[in-house]
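What follows is a single chain, given as structure tokens, in the form predicted alone.
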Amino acid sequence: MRKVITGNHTVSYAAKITRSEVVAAYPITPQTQVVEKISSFCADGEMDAIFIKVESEHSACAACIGASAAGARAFTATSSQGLALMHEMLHWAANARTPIVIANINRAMGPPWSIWTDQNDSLSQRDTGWIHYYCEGNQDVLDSIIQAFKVSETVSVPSLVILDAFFLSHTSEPVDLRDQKLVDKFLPKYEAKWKLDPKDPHTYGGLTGPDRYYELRYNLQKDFLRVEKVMDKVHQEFKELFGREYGRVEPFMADDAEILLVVSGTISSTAKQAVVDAREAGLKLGSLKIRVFRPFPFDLVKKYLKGKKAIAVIDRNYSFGGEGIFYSEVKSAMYDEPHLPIYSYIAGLGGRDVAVKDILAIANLAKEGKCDHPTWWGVKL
């Protein structure tokens, strides 16, 4: 079944067709429509889930942790300040190995108060031990949530599925909602390896000392190292069953490109048009979308960037006192390619539009080797 729906309602349908069993709900713009729609599904009997109305995002994440620890498939959605309020619980969810999935609608952090998009809310959580997916379109949103549950439940690591505020959350696109029988085949009912059970009592998350804590964190990292192989297998299974292809990174006309753009989120779509226009003008431009930010795809970034004349990383985020966050990761991946110029461009913070003409201008600057460190593109002072 295909429907023309917003990114927010795509998230709602994803929660439904993945048969999420517990949904914790706290509204925050621009996420509110997600939980409103799920509430309607539950009230109308279309979705068999426990819908918990909580008093804060902190409680929403805590409710999901409790549900997941008891063996249920748990889901919630949030944005910006709401995700920041969850921060303590995000650490707890990852370290407790609860395979929750949260949809985060990227929204700038205040003050000044903003409801428009950039990536600093989700990237502020990059070290909490969650898998991070960055979505380009609404179909990507639906499919990423389906895949995220499968990956998370395989490795016992939670996932954030991230989409741009308004560019996706409130924009309608055609979405194939998937046949429920096929989704059930791809994503069977969650069977927890360990769960809270009064008939088989154990202590979870209790006090531990230096003699055990270190190894527990090492075990989490070991499973993160498994995530990439699990993802690649899940992507292949998804392609065979549904006919749509995904990767941890997604190149566009990258193989023969001399100048390569590194992008994420909705800017990826704009970059593709810029690549087409540049090719028509004689510039061998290509792009590489980073879809999975954690674990960072070092191997694939090295594969596609090696041998290029210049790299332009476009970040819709910034680490203050540092640099663009994707840029830092790309530089780290390419540390043993010292003669490869990698340039940093900051663009689109707070929902500022990043148009094809902007990306073409950035590509030409990279070709000419012109970049401050970094270049804040389009700043009006």
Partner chain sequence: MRPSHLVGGKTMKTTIPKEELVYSGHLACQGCGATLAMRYTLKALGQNTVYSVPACCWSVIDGPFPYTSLQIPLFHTAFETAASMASGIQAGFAIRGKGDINVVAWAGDGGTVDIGIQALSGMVERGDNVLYICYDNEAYMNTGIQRSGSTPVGAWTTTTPPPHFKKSPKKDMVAIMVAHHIPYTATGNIAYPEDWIKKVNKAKEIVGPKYLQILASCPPGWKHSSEISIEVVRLATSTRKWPLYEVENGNYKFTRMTRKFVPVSEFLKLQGRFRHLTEEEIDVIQLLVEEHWADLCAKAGIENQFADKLEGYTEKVKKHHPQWFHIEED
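From a predicted model like this one, the values you see are computed outputs, not experimental measurements. Numbering follows the first chain given and starts at 1.
One more form of this protein exists, namely the form predicted together with its partner chain; it is left out here, but the text below deals with it.
- The three marked residues, Gly282, Leu365 and Asp372, fail to reach its partner chain in the predicted complex, with no heavy atom of any inside 4.5 Å.
- Judged by heavy atoms within 4.5 Å of its partner chain in the predicted complex, the contact stretch among the candidates 125-133, 86-94, 296-304, 166-174 is 86-94.
- Screening Ser39, Thr32, Ser328, Ser56 for any heavy atom within 4.5 Å of its partner chain in the predicted complex leaves a single hit, Ser56.
- Checked against its partner chain in the predicted complex, the candidates Ile28, Ala69, Ile342, Ile346 yield a single residue with a heavy atom inside 4.5 Å, and that residue is Ala69.
- The closest non-hydrogen atom of Ala355 lies beyond 4.5 Å of its partner chain in the predicted complex.
- For the chain shown alone, Lys181 is not a contact residue for its partner chain in the predicted complex, no non-hydrogen atom being within 4.5 angstroms.
- Although the partner is absent here, Trp194 lies within 4.5 Å of its partner chain in the predicted complex, judged by heavy atoms.
- Within 4.5 Å of any heavy atom of its partner chain in the predicted complex lies no heavy atom of Leu225.
- Looking at 30-51, the residues that come within 4.5 Å of its partner chain in the predicted complex, counting any heavy atom, are Asp48, Ala49, Ile50.
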